[in-house]
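Given as structure tokens, the chain that follows is alone and in the form predicted on its own.
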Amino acid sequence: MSNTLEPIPLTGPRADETLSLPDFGGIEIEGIDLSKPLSQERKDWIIRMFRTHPVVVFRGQDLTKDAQYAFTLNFGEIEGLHVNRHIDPVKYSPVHTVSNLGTDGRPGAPIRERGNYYWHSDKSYHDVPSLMTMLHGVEIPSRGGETQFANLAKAYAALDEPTKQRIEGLRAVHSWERSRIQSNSLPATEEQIRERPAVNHPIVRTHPDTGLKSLYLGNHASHILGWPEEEGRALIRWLEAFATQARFVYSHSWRKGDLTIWDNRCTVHRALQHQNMNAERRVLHRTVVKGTVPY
């Protein structure tokens, strides 16, 4: 890659242009009731599936929040409370609700938090970012509302060698404050900035289970450590646009009862708005597992 970056559209692919789940590298599992106790053999098998597939979809699940909490613990420690708890401590509980509902329980609430609609890896602005995120589809609209995932290991493998050499060893600054600016969300408060100061992580990350290298970026990434900020942002934007081309993206069309888990160490994701945001309910329950320091 030369110093003059080739432009790639930043709008991202349409849902109908993306990969199937197997082509993406993910897996769909049916016939398991995760609300019931699992044998050690079945637990071990599920964990192996997660370690070797960046997205795993369990169909037909009917989980209470307590059951989802218990299942999540199979993968590790559930993360502490979100930095946004200062604004809404109920919404950002350990098993919290993602929805388009207002305080009156009706759809059509104003979109105040826009970060979910931008490509990101969960909590990359933490010094110890997220390992895995889990979403359970409780109420699903008739059309739209997909969640899209980009496979950053496949994207890294597709880069040419000069580009790989150029970015090897570079570190990106990840910032909650900058992420709020880049997603046109409510500005970070002084309390949030103190709690979540900027951190830096390698742009090329090695997966601790598979050994594969992948890009590690997204909307929380602000600039490149030691570079002029605008030059660093240009490179990050170019890499993100490359990594989120349709050939690396799976778009998950939700069904009621889907439990979808994904590996934040080698993917970025974003939500798409559904067609009837003001009329149809969309309710999902979310849990997040704490990861390890990227290397």
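What you see is a predicted model; the values in this text were computed from it and never measured. All residue numbers are counted from 1 along the displayed sequence.
Omitted from view is the form predicted in complex with a small molecule, to which the following refers.
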| property | result |
| --- | --- |
| Proximity to the small molecule in the predicted complex (heavy atom, within 4.5 Å), stretch among 266-274, 242-250, 54-62, 24-32 | 266-274 |
| The small molecule contact at R286 in the predicted complex, heavy atom, 4.5 Å | yes |
| Contact of V98 with the small molecule in the predicted complex (heavy atom, 4.5 Å) | yes |
| is_contact(T133, the small molecule) in the predicted complex, heavy atom dist at most 4.5 Å | yes |
| In the predicted complex, N116 touching the small molecule (heavy atom, 4.5 Å) | yes |
| R205, K154, H120, H223 - the one with a heavy atom within 4.5 Å of the small molecule in the predicted complex | H120 |
| One residue of S175, T147, S214, Q182 in contact with the small molecule, assessed in the predicted complex (non-hydrogen atom, 4.5 angstroms) | T147 |
